[in-house]
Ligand SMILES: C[S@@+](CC[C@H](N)C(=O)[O-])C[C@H]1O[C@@H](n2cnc3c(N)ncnc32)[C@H](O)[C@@H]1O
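As structure tokens, one chain now follows by itself in the form predicted alone.
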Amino acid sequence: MDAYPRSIAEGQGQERGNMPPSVSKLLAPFRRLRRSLTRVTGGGRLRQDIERFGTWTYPFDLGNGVTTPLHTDWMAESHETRNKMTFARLDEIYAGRWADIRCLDVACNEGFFGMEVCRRGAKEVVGFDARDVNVEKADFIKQHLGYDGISFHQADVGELTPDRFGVFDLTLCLGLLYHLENPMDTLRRVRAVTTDICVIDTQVLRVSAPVTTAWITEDRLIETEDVIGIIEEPDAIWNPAASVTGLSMVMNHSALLKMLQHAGFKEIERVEPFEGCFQPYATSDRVVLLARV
């Protein structure tokens, strides 16, 4: 789940295949895509098939000059950064072992990152998302690209249990936590199905002064640097990548670490952003963490 601006809805009336040149420039270094993003032309039936879905969260290269059109331009650079930061470490950690890895893509949206794991030869990949339209898109891409090692399901994160999904060496929790009313419950659920590493990509609050509360009496003043902010997402009704309920809890980095520890993760590594990465990662408004059990 990822947020995008109101301009998506305003731009729905534009011609579906009319991609701005800026998207091509942003996608040029995207390693997942072997071509530059160009105007969606040709492909016959394929083009008609993707147009029925409207715009997309991820730029899937479907061949024949057809790439799924994005909701908004900046998503290309965002996904490129997340892709590079995530797999720079995972490819080191699982080098020579991908064939033994089972992976769960939590709130997978259109399934892009689960497919990246599948493409690396993972033993099994499972993805689920709360929105039917996202699962339908993911299944369409899976069938078109021939990814047999991955399956997609419609489910809410509140349904995540080992009994329903099993346990996995690797779990992906990307672009999700800052869209939830109860992120602590989700972290506990994700921990329960993770046997090795959980990758977390999330927006965080900026560093601010500690907050205080008088704990029952004034002489028991408690000060904490761990803060959670409440964010409303009024676009939840029409935005297939926003909060399902419209209310989100966004924690600062300190609170996120504390919550991960209480969820049962033992070792937390922050992946450092690289020069030229997407701005929110460079300014630490967004982070990628590897949480080990």
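The first residue of the shown sequence is 1; numbering continues from there. Every value quoted in this text rests on a predicted model; they were computed, and no experiment measured them.
Another form, the form predicted together with this ligand, is not on view; read the next lines as being about it.
*Asks:* Just one of 103, 106, 200, 187 has a heavy atom within 4.5 Å of this ligand in the predicted complex. Which one?
*Replies:* Contact check passes for 106.
*Asks:* Check whether residue 260 has any heavy atom within 4.5 Å of a heavy atom of this ligand in the predicted complex, and answer yes or no.
*Replies:* Because no heavy atom of residue 260 falls inside 4.5 Å of this ligand in the predicted complex, the answer is no.
*Asks:* Flag residue 73 as yes or no: does it have a non-hydrogen atom within 4.5 angstroms of any non-hydrogen atom of this ligand in the predicted complex?
*Replies:* No.
*Asks:* Within a 4.5 Å heavy atom cut-off, is residue 155 in contact with this ligand in the predicted complex?
*Replies:* Residue 155 belongs to the contact set for this ligand.
*Asks:* Against this ligand in the predicted complex, would residue 134 count as a contact residue? Criterion: heavy atoms within 4.5 Å.
*Replies:* Judged by the heavy-atom cut-off of 4.5 Å, residue 134 is in contact with this ligand in the predicted complex.
*Asks:* Tell me which stretch of 141-149, 204-212, 219-227, 109-117 has a heavy atom within 4.5 angstroms of this ligand in the predicted complex.
*Replies:* Looking at the other structure, the answer is 109-117.
*Asks:* Residue by residue through 165-179, tell me which have a non-hydrogen atom within 4.5 angstroms of this ligand in the predicted complex.
*Replies:* Those in contact are 174, 175, 176, 178, 179.
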